[in-house]
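In the form predicted alone, a lone chain appears below as structure tokens.
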Amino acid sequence: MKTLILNKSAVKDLLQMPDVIKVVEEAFGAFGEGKANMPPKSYLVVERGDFRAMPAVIPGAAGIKWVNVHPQNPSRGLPTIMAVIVYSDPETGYPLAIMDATDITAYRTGATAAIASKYLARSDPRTLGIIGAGRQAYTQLLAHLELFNFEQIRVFDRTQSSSERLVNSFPGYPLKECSLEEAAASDIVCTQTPSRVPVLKNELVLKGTHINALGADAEGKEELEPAILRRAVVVVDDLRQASGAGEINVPISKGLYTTDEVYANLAEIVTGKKPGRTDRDAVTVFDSTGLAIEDIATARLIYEKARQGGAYISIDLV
């Protein structure tokens, strides 16, 4: 057996959002049925950022993602987030592939949020609000455009050049730069900022809105005013991760929210153990911290495509 080596360019060539949405939703289904295993991600904090170890096993696949978050990296010409996946044969443990996972992380995060919107948003959303126009905003758009037809996509970022760049990257689609207030007044709102203080206030959120809260992925991060959570139907990707490092982590630490108030995890919704949206006027929130099952499902997809293609570097690693 040989180990495939897939760099960023190889992985990007093999990534297609419709495929990622399909395998990620299947992974949540397996997780909800007890056919996948995943401990919470482990954090290793260093001076300028942190590393996260994310192992998982799903039917027919196993692996671990090693991912960093270093906010000062752009000033050095490096991405804030970089990641590598070691993808293994669950029967033997043999490392089948080592692959760049930076784009995998972005794509599977976009796919997961779109899946949450599929179950938790109104059935006829007409507007999408993007709050934070960084790298993650691009895959949020790619994924949501696969599942929904929007009349208008409203983009807000504190840095105008970022919002302009995002709008110009999707010619032919109804994107427009707007204020925070206008972006918040959308049927589906995706927040992807690194904020540690709430950027989205309760008074801006209309009845029937679905919010994908994506930016809070470490202890102390917070994008939503706690009053939003208290009025909303809250769904998490994983309660263990969310309570320690997701959108609900700060309100819990301050005694403003409890885990008992969480309605469900996404796997329960996907498998039909709990219904998704049942009230057209309810506010719904998906607290996304990013799960290893999403990464390994996508890694399996990439590995199978690469193996069929056959034009990639392989080595005798073991």
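The shown structure was predicted, so the numbers you read here are calculated from the model rather than taken from an experiment. Residue numbers run from 1 along the displayed sequence.
Quick note: we don't show the form predicted in complex with another copy of the chain, though the next part is all about it.
Contact with another copy of the chain in the predicted complex, defined as a heavy atom within 4.5 Å, is made by none of A106, Y119 and F170. With the partner omitted here, the stretch from 89 to 97, 173 to 181, 119 to 127, 135 to 143 that lies within 4.5 Å of another copy of the chain by heavy atoms in the predicted complex is 89 to 97.
Another copy of the chain in the predicted complex comes within 4.5 Å of a heavy atom belonging to A83. Another copy of the chain is not drawn, but in the predicted complex it has a heavy atom within 4.5 Å of F51. A residue is said to contact a partner when one of its heavy atoms sits within 4.5 Å of a partner heavy atom; S253 fails this definition for another copy of the chain in the predicted complex, lying far away. Another copy of the chain is not drawn, but in the predicted complex it has no heavy atom within 4.5 Å of L266. Listed residues V262, A30, A282, I64 were compared with another copy of the chain in the predicted complex; I64 is the one with a heavy atom within 4.5 Å. P39 is the sole member of G34, G60, G272, P39 with a non-hydrogen atom lying within 4.5 angstroms of another copy of the chain in the predicted complex. Taking a 4.5 Å heavy atom cutoff to another copy of the chain in the predicted complex, the contacting residues in 54 to 81 are P55, A56, V57, A62, G63, I64, W66, N68, H70, N73, R76, L78.
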